Structures are given as structure tokens and as C-alpha cells.
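In the form predicted alone, a lone chain appears below as C-alpha cells.
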Amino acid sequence: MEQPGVRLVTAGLLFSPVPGRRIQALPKGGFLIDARGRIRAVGTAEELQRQYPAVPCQDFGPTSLILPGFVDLHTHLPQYQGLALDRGELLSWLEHLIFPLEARFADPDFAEQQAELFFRAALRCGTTTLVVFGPPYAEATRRAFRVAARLGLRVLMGQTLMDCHVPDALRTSPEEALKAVEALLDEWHGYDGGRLSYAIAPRFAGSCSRELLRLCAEVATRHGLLLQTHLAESPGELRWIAQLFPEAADYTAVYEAAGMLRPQTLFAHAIYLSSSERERLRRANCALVHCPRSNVFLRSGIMPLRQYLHEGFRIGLGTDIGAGTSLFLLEEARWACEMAKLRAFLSPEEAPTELSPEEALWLATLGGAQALGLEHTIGSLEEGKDADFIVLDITALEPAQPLWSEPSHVLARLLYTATPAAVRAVFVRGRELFRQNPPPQSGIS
């Protein structure tokens, strides 16, 4: 008997990450989605239609490609309007562009309008899960949660917290921060069965007192929350942190003293880590976020990604808007590959350093899910997981009418030539959140 809400979804090709940083391809494949938006069976379209003959089928056609939704581990909602505007290296960029922009979010109506633009842009890019530094104001962050709730994305977000070395308009005292965090927690953490979560978000040690850092660690630990911040992003930042915290042996020790080294902590950038820092971070099972486009845009450096993967770190990708130049995480994966090649050229003693297209797509999906501890819920197309997925149009890739169409070549072309225009539809828990019409199709040979 047909069950309400149950349906099959089929496509010309499915890509799903599997252990070992590999991608499994399933031509003419699909999956069964139950009424709760979970995947209940995966197989070829023929097998599924034979097994579930009474279930309606949503077929996206022979030139469609289905992937798990992208997982963006690090981005800044209030920096969206600063995208692509160059103001030099990190600290200068913050002072002259970002801090004045973030101060505008004191207006809650402006904040809500910008949240709408930001989250809709993420959907157009195929992102289904985002870890977000929200505005530096409680009401603005509340409005941003309201938008995310309505649009249907999976979002982990918190008010950006700062109490020193920033303009007065952006400062929140530890006491005010605690009050704001607890109110937002009560309202939004666990919303819609955990689709929305509160993530503690101290900006970085340069804008947070020792007291605020300790408070953030205590609240995150007490409530079992994700904690996100920045670490070892640029040489200038490292020198400044050493001046601010002369008692600390290194940058990581600042966060260690505050109690922030824990499995539910995400450290973004992490380009310049000593062997001692890496050992302590691994021992605490912290996760790292690679933001290659931002690292280039702000002249920060190149993460030794291959070394970190070899050492066993949980790592995913972040667009880091607005130092990153778009919310399209597949482009971040592309840059991860290219920066790994450049690192191999500049630091031949580290070889091998290169990253395969398979590994890059894995980082954008299941790697990000693992970094969040959500690998049993999202990140791949497997039975029992939520049906967070995107549909792409293979004919939107280059070159037109390709000579080779086997899955490995499609994957490489996807990584290196796809743009957001290739994204046809985006789903979270089986619910369609975004759709654009595809161009005329000619089929896959």
C-alpha cells in the first residue's frame, strides 16, 4: 500500500561519498524517501521501481546528477556584502571593511534582509548545511535564525562574540554575552528536530578577553554545543596574538588555557601549526576547516592539507564569506586541489601533497559531516540518513558534448567546470527548497 509522503527519486547518475575519502558512482540510480524525509533504500532506478511499484517516482532525467548537499563549515553571514572587496591582509581587512559592515547589523530589519540574501545565495549554490558566524548582536542573530527556519536549511549559528580590540559598537561584555547566548539557545537550539542548532562563536583570541574565551568554553561544554573560532590564519595575526598573550607558549595554548580544545570545536584556517600544537589538537579530537580561497584572498598562506589528513584530523571545507569569493562550496573544493598542487611546488619536501577530485568532493560532503559529528545523519546518500541532496545538470558542465562520459570524468569535470548555474534543485530532509529550470538536454552517451 502506498504511504503518504513516500516517493522515489532517480537520476542519470548518483555520487555518494564512502569511507577512505572516495566517491561511489551509481549510474541510473536513486533512493526511496520516507514520509519523515529519510532515505530508506538506495539502488538502481530499475531495482527500486520493481521493488516499490506503487510509490510515485520523481525522475530528474538522464542528464541529471545527484550528490549529497554541500556542508559549509565556516562562513560569516554579516560579511556577505563585503564579498570580493579587497582591503589587504587579514587585520587591515577587518579594520577597514568588515567591522564597519558588521556594525550595520545593529539594525534588526537590515539584519533580516541580509540573512534572506545570504541563505538564498547558499541554496542556489547547493549548500544544505552551514556553520555560520552570525551578526554581533543578539536580535540580529535571532532574526537570522528566523529566516533560516523559514527557508528550511540546516544551520548551526551563533552571535559573533567580541569584547576587546574592536570598535565599541561591536563589543559584548561576558555578562551580556552569557545572557544573549542563553536566550537564543532556549529559542533556537534543537529547532525542528535539530535542523537548527546554536553554535558558540567567539571571533578569535584577538578580539576576545581571557574571561570571554573561558565563558564560551564553559557554556559550550555545559550544553554540548559546537564551538567555532579562528586559529593561526596569518603571520601578522600570529605575531599580534603572541603580544596579547605573552604567557602562552603558542596560539593553540591560548585556547587550551580557556578550555576550548574539545571534540565539538571547529578551528578555521589553522595554516601555521607547530608539531606540538597539532599533537594537542589531535589529542583533543578538534576539527579543522580548510578555507583555501580566503587564505589566498587575504594573503594568509596555504594550509598543509595533505599533512593534516595524513595525521588523522577531521577536516572539511568553508567558504569563509566575505574573504571567500562565493558561497559555492564546489569551487572551494576546486581551490583545495589547486592550492595543494601549489604547495607541492613550493614545499617539495612535504610530498606527496596533492588532492584528488574524489577527495575534494568528499571533503565538501562527508568530510564536513564528520567534522560536525553528523556523519550518521548527513554527508552521503545512505539508508537511514536524512535526504539532504542536490540535483545538478551534467550538460551545464564543460566541454559541451564531451567525448568521455564515464563517472570518473564526470566527477573531474564537475569539480573543475561546474558553476551554481548547474544546480537544478536542492532538498533538505526530502523537502525541495530551491529549483531552477534546466537548459535543453541531449542525454548521456
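Please read all numbers here as calculations on a predicted model, not as lab measurements. Sequential numbering from 1, following the sequence displayed.
Not pictured, yet referred to below: the form predicted in complex with a small molecule.
- Relative to the small molecule in the model of the complex, residues Leu77, Arg154 and Leu327 are all farther than 4.5 Å at every heavy atom.
- The small molecule is not drawn, but in the model of the complex it has no heavy atom within 4.5 Å of His290.
- Proximity of Tyr137 to the small molecule in the model of the complex falls outside the 4.5 Å heavy atom cutoff.
- Proximity of Leu94 to the small molecule in the model of the complex: non-hydrogen atoms within 4.5 Å are present.
- Contact annotation for Ala323: at least one heavy atom lies within 4.5 Å of the small molecule in the model of the complex.
- Shown alone, this chain has one stretch from 201-209, 143-151, 333-341, 363-371 that lies within 4.5 Å of the small molecule in the model of the complex by heavy atoms: 201-209.
- Scanning Thr127, Gln159, Ser294, Gln114 against the small molecule in the model of the complex with a 4.5 Å heavy atom cut-off leaves one residue, Ser294.
- For the options Leu90, Leu281, Val131, Leu305, the residue carrying a heavy atom within 4.5 angstroms of the small molecule in the model of the complex is Leu90.
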